[in-house]
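This document starts with one chain, in the form predicted alone, laid out as structure tokens.
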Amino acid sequence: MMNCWLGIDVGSVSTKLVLMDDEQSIIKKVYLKTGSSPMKSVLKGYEELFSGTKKELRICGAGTTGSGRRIAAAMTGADVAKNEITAHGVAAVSVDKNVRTVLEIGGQDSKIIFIKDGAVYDFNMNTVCAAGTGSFLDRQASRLGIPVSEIGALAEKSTNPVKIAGKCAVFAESDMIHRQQEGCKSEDILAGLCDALVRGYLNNLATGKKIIEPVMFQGGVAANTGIKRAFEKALGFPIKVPEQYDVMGAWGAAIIAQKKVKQNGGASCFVDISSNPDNWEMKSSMCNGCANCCTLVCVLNNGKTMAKWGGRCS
């Protein structure tokens, strides 16, 4: 039986799960849309991850990250629930111990992480505007009638990228429509879009910061070769896209869980959720204990409260 470590990254757009061996190599991964319910996406991803392999594996511990990490942690009894900055940083260092800067673009946010001596020492995160995110690229690809996976290849064919506004998603879309009406080629518009996204990313997140090599590009958008090329053009040096670029957060969570369990002498809180996948539910309620009137979120299994959060006082 093989020892494995489970990592779960529940984001606003996608949910990622990985199984990692004792040597910190990923042996299986699942990437799926979060949809309307983080809980359902975790259950579905868990089922896919262990399909056909579970009897051969022993889960020694689990870690969660992402905006839905509390939900995933409550369901799996995770040993750690860490923020995305820490998880992505840990995974980047595991790929290249000399990495100094991590560029990460997710579905609805983007972040830049600065690393020194193998540890995160600074970061910046944008959760305000959609202009520099994967969701914006999805929307524009859909409007142009092309698969989002083809944006990079088409953008690389451009010989005359057009100028697109990069500070605001609304202005960027208006510019794209205007360029279409002027008769500009789709590849030139897409190349301009990639340049605009990178320009907006660097202006919003890297102003006043020094981006030092080696630089690693992570997150689902890292699959877009047009964005990678735009980053390299703007920075003036090559950047690296790791093989597991799409699940780096989940991988980092698994690595952190492994370290935590070993520190605890091998004791793990992990709970197998496959035995009762239909008995999980979430409920929210208003706390009237004080004037704050906090919204409380409750995770229940068979009607039993497994975790609760949201209150700002005791």
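The shown structure was predicted, so the numbers you read here are calculated from the model rather than taken from an experiment. Quick note: we count residues from 1 along the sequence shown, nothing fancier.
Keep in mind that the form predicted in complex with ligand ADP is not shown, yet the notes after this line are about it.
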- Site check 12, 105 and 149: each within 4.5 Å of ligand ADP in the predicted bound form by heavy atom: yes
- Query: Heavy atoms within 4.5 Å of ligand ADP in the predicted bound form: which stretch among 173 to 181, 235 to 243, 201 to 209, 217 to 225?
  - Reply: 217 to 225
- Of the residues 135, 86, 124, 186, which one places a heavy atom within 4.5 Å of ligand ADP in the predicted bound form? 135
- Note on the structure: Note: exactly one of 31, 280, 50, 270 sits with a heavy atom within 4.5 Å of ligand ADP in the predicted bound form, namely 31
